[in-house]
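Here's a solo chain for you in structure tokens, the form predicted alone.
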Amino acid sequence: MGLGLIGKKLGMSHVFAADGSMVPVTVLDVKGNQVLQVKSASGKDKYSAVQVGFDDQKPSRVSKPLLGHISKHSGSPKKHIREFRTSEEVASATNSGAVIGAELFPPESWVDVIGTTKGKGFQGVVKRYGFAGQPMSHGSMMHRRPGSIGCRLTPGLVWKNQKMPGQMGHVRRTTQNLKVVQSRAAEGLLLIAGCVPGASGDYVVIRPAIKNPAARIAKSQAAKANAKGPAKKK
């Protein structure tokens, strides 16, 4: 994995591509990311990683042990801290206290975005799982209920993972293979094609795409070119 960023979701907008098509984008504020610690496989930590903090915080609202840790590595108090596992080359090229931002992900690069989805509260099976429900006619008493969930005969229990009413949303989700449309380093903004988990104002984590769709697309194009074969001479 490579070095990533912590950001705040500002909302959605749209931009126009060179061919005139409209591209929906999510605007992420990544200004103020700071490297708080660099760990090396050759050091006492025994693995390579970079610790990044985001969103300035008052020193009085940070515990003394954490404040001492941040000050030791030439950083400032942050609200959110995230550690990214990286290669030894990336860790050795990163300095504690350095400020990083949107320039880390240039346009056309691919990223994964991790966030917490919107909470929907306690919901029934019709809204939560799209059940059709029971008859809505007069006399029915099972309009939006799930119906039978088991039987008293064999096996005589409710199966695990049975779809039932419960808490909907507010879970950690990762959206993979999103393309960076614009990277505005001066403004500290990333414009990413499509939508990302969470509501406006939520914190998200942006990391390099693990599955690297660019390599897969190049491989597919090469396979198509080889399938056509060399051009025939007239």
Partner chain sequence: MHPIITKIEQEQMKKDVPDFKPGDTVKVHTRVVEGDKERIQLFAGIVIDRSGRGLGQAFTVRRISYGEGVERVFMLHSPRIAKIEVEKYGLVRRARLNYLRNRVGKDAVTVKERIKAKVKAKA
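The structure displayed is predicted, hence computed values, not measured ones. Numbering follows the first chain given and starts at 1.
Quick note: we don't show the form predicted together with its partner chain, though the next part is all about it.
Only one of 186-194, 204-212, 166-174, 41-49 lies within 4.5 Å of its partner chain in the model of the complex by heavy atoms, and it is 186-194.
Shown alone here, A223 lies farther than 4.5 Å from its partner chain in the model of the complex, counting heavy atoms only. Interface membership of H14, defined by any non-hydrogen atom within 4.5 Å of its partner chain in the model of the complex, is confirmed.
In the model of the complex, L67 stays away from its partner chain, with no heavy atom inside 4.5 Å.
Of the heavy atoms in A218, none are within 4.5 Å of its partner chain in the model of the complex. Contacts of stretch 20-48 with its partner chain in the model of the complex, defined by any heavy atom lying within 4.5 Å, are made by G20, S21, M22, V27, listed in sequence order.
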